[in-house]
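In the block that follows, a single chain appears as structure tokens, in the form predicted alone.
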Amino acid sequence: MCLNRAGLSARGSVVLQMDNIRTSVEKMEKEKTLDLRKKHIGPSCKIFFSHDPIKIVQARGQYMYDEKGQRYLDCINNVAHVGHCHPDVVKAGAQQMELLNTNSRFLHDNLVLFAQRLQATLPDRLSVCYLVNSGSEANDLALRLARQYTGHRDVITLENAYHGHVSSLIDISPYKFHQLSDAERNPFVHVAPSPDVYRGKYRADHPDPATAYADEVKALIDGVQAEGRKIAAFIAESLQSCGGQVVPPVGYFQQVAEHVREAGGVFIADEVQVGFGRVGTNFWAFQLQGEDFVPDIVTMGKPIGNGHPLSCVVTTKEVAEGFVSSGMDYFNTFGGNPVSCAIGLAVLDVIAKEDLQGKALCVGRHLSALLEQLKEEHPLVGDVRGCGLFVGVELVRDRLMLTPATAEAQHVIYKLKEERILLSADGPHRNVLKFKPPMCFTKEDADLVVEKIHLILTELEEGLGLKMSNKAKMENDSIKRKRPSSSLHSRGSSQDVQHAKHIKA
């Protein structure tokens, strides 16, 4: 049995005194909080479970607690990487804050020690760090580094990618800019097909999907060069998260990097969602491609500070020297401050001390095996994919046509919420259940979640009249996947939306 930090199983005693939480943390009634949010917080700032949001007042480990003291199992929060409010991380930040917090223009041990520790987890070639405050800031700086080093401007990104919320990153995030007209899109940004072997252009039955997808990138490069321009960078999440938990075929990054570097560009690996041991077999998700693949720039965020605003860009000496050649000093007021670096060091310490990478491998394999069993039993489960504690379950109404089960996915996550389990759905059709919990997530937690999903899917499929006989299952598994019509590549039809509302009601 995998145990949590306190030595308690996932279904063991509640460590926190919930009466104390209610009296000491909650400042106002939930409805008042919601009213003030609607009044003072921008309407574009969406909230989980908008029709009945949860008010969270405290968290610990893999659990979150509402104002009534009800405990929720958190399967969403890859930000709280080593567990919510880990005492070692809290202590490190508080102790350093008592001593000093200032900007990185002063000499301080924490900055250089943290950079040294980060570099030790990476290939030797990646040796220069820039500490910043968020994943968005890291990716924005990575673009600046690439463009300054290469002297080029054009960037290749992936279909359904998301790299951050600042203007430069919305330009390279089709997950966000799909609503823009062609006239509004940045002409220096080019979108390659997502290397999705389940739903994408080249699928698992293709003899060499890695090469086929890499050739698509090469074709974009050729097109840019034909117009008299050159590529500055190719950027990709090492595993696509918002794009639907997509795992690229092995060899894809190596071939893309070769094409991009031959064209004078650099390869940027975005590890903001998936780094720091989450994939289990490796510390960084780009290493899943093999030891022979090393990006030119790596960006990291979210888990790096366990909820503290901290992120980093790591690159080669050559790229860093190219950035210096611009003659412009780089200064970041809060990036690399002593408190942030103390917290970052504590996170690395906890990952090592508690063998969280090993636990991600152990628990992740258990979770994936349980989900594969779900696929055998439920026709709505089209695909299970991922690595370690980064797993996606794609729901479809038809396994041959891959019709997205968008409404059904929303139904599942709302029903799980009623069971006090927090899960999200994403992907271009919002039909992929996303598992990316804190790394202290246990086998018992996995058992609980999958059992609840099984019950929800059973009831849902009965209501929809869906059954999977052994014969039908064998036939579905033996049919080669064919590319669906273009209508199935939309983000969900109005019929999907109406169906979702009907199910939620």
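So that there is no doubt, residue numbering starts at 1 and follows the sequence shown. Worth saying up front: this structure is predicted, and the values here are computed from it rather than measured.
Although it is not shown, the form predicted together with a further copy of the same chain is what the next lines describe.
Residue contact check for residue 77: one or more of its heavy atoms lie within 4.5 Å of a further copy of the same chain in the predicted bound form. Though the partner is left out of this view, residue 109 does reach within 4.5 Å of a further copy of the same chain in the predicted bound form, counting heavy atoms only. Taking non-hydrogen atoms only, residue 311 approaches a further copy of the same chain to within 4.5 angstroms in the predicted bound form. At the 4.5 Å threshold, heavy atoms of residue 64 reach a further copy of the same chain in the predicted bound form.
When contacts are defined as a non-hydrogen atom within 4.5 Å, none of 288, 353 and 373 contacts a further copy of the same chain in the predicted bound form.
In plain terms, the part of the chain that comes close to a further copy of the same chain in the predicted bound form, with a heavy atom within 4.5 Å, is 324-332 out of 413-421, 324-332, 222-230, 391-399. Just one of 149, 162, 267, 276 comes within 4.5 Å of a further copy of the same chain in the predicted bound form, counting any heavy atom, and that one is 162.
Interface residue among 201, 144, 190, 366, judged by heavy atoms within 4.5 Å of a further copy of the same chain in the predicted bound form: 144. In sequence order, 84, 85, 89, 90, 93, 94, 97, 98, 99, 100, 101, 102, 103, 104, 105, 106, 107, 108, 109, 110, 111 are the residues of 84-111 having a heavy atom within 4.5 Å of a further copy of the same chain in the predicted bound form; the partner itself is omitted from this view.
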